[in-house]
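Encoded as structure tokens, the following chain is the form predicted on its own, with no partner shown.
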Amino acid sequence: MRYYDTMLAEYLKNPGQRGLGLDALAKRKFQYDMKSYDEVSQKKKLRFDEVDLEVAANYSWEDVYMTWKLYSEQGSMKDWNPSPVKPISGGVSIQKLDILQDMELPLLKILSDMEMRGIRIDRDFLKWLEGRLEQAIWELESEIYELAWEDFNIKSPKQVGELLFGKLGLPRAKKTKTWYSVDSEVLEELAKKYPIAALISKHRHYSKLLSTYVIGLLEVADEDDRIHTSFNQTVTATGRLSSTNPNLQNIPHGDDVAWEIRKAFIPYREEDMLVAFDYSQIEVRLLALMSGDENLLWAFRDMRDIHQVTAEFIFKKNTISSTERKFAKAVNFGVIYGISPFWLSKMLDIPQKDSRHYIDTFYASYPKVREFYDTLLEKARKTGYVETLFWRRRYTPSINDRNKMIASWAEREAINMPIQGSNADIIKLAMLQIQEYLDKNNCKSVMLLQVHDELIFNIVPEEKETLLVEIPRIMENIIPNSSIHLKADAVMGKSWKECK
């Protein structure tokens, strides 16, 4: 073994745990208080090369010694991967995988390279978009003040609340300690009937786009116009990667000005292309595979649109409108996340009795999904954890809590994790295998970003034809001999926006 990571190992032992830094682990495991960097550097007044040599040596010695103690204490990670083969529904068996050694540690190098190379932005376009947003915000403010008959601080929740609920007498919703809430949920509900609320909501949206995604990106771009995000392996409880400083997994998409931000992400060279390789409906496919439900499996084997199929079950007809398909799509993904009728009704803006009917119809149409979830929850109550296809665990200590609300929350986490966690494992394995292919073939094309179910590459012209075939092939064959086919789509363009 060439390298090891005590934080990754500790995270895998209990991914729901917080405080995985060396100082916190030393305190929790060995009751040892390490010297902080603030203490050594006099609250960062000194650079490390200016610190007294003896103080610096003791600080460094502590780091080395406590890392060794953690490594020794953690031991082999194989004791919680007990079986050599994991049989799943549909006649598929997954060979044993050591999550630390076979996935997370090899991924460190790939993520490090992605962070170092960064993704290029069009600085001039972002500056143009900055001006466009500033103009739009100014115009919105004029409209808002005209409807309010007064000027006020639109960025102040207190002043917005006083105007909407005090002066204008709009219906009040959630109460805070000092006044009534004007959070996004409240404003969106009011916006359906009151134009001023819609304008304030849009003002907030544009202001966030400007500060976080336009000015924010311009501030962190380097002299080569590249953005260098940090990918985090030890944050989410399901195994998904996260991105910070800046968060490139949260770049807006959709319509309106938000969509334009993705236009700012461009290839390294004029002749190169950005290509997004995206898993299609992977979580519903995994639900079909793991539950073994015949109707779900049939839909994917027969190359049917799964949202259309679910809509046909729900609405009892073959001709489905775009709205009905949208409802069915929300049900398909909502069930995977353990959504309740209440939250589905809020999401779709429909009566709760209708949302309950949609969910009940889903389970009646795909009966083995209910069996799968019931078995999963029963096992979680007995063992205290759930697992992905590849043995990644998430512990659910609250699932037997006497408080029904706490237990219900743990049940939703337990339902969600095997699907979402398996999805995370699959895309990580795809990244490893793709990088192995790129290295073996001395490719000049490089991986730039991982965003949920999507991998984004900078592709050079001479490799485009080959990689548009080989990368989807690798992604689609992560689960060998599967009873259904994983599907990866490739879309290329001269910007990230065009890759959708």
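Just so it is clear, the structure is predicted and the values come from calculations on it, not from any experiment. Each residue number is its position in the shown sequence, starting from 1. For clarity, a rigid core is taken as the largest C-alpha set superposing within 1.5 Å between two forms.
Keep in mind that the form predicted together with the DNA is missing from the display, and what follows is about it.
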Just give me the single entry in R120, H307, R204, K368 that has a non-hydrogen atom within 4.5 angstroms of the DNA in the predicted complex.
R204
Heavy atom within 4.5 Å of the DNA in the predicted complex: which of A330, A276, L296, L133 fits that? Just give me the one.
A330
Based on heavy atom distances of at most 4.5 Å to the DNA in the predicted complex, which listed stretch, 101-109, 375-383, 297-305, 228-236, is the contact stretch?
228-236
Please tell me whether any heavy atom belonging to E62 falls inside 4.5 Å of a heavy atom of the DNA, as the geometry stands in the predicted complex.
no
G334: touches the DNA in the predicted complex, heavy atom cutoff 4.5 angstroms:
yes
May I ask you to check whether K404 falls inside a 4.5 Å heavy atom distance of the DNA in the predicted complex?
no
In the predicted complex, I419 touching the DNA (heavy atom, 4.5 Å)
no
Can you tell me which residues in 389-409 come within 4.5 angstroms of the DNA in the predicted complex, by heavy atoms?
R394, M405, W409
On a core-based superposition, does K158 travel 2 Å or more at its Cα between this form and the one not shown?
yes
Take the rigid core as the frame of reference and indicate whether the C-alpha of E115 shifts by 2 Å or more between this form and the one not shown.
no
Comparing between this form and the one not shown on the rigid core: C-alpha of L248 shifted by 2 Å or more?
no
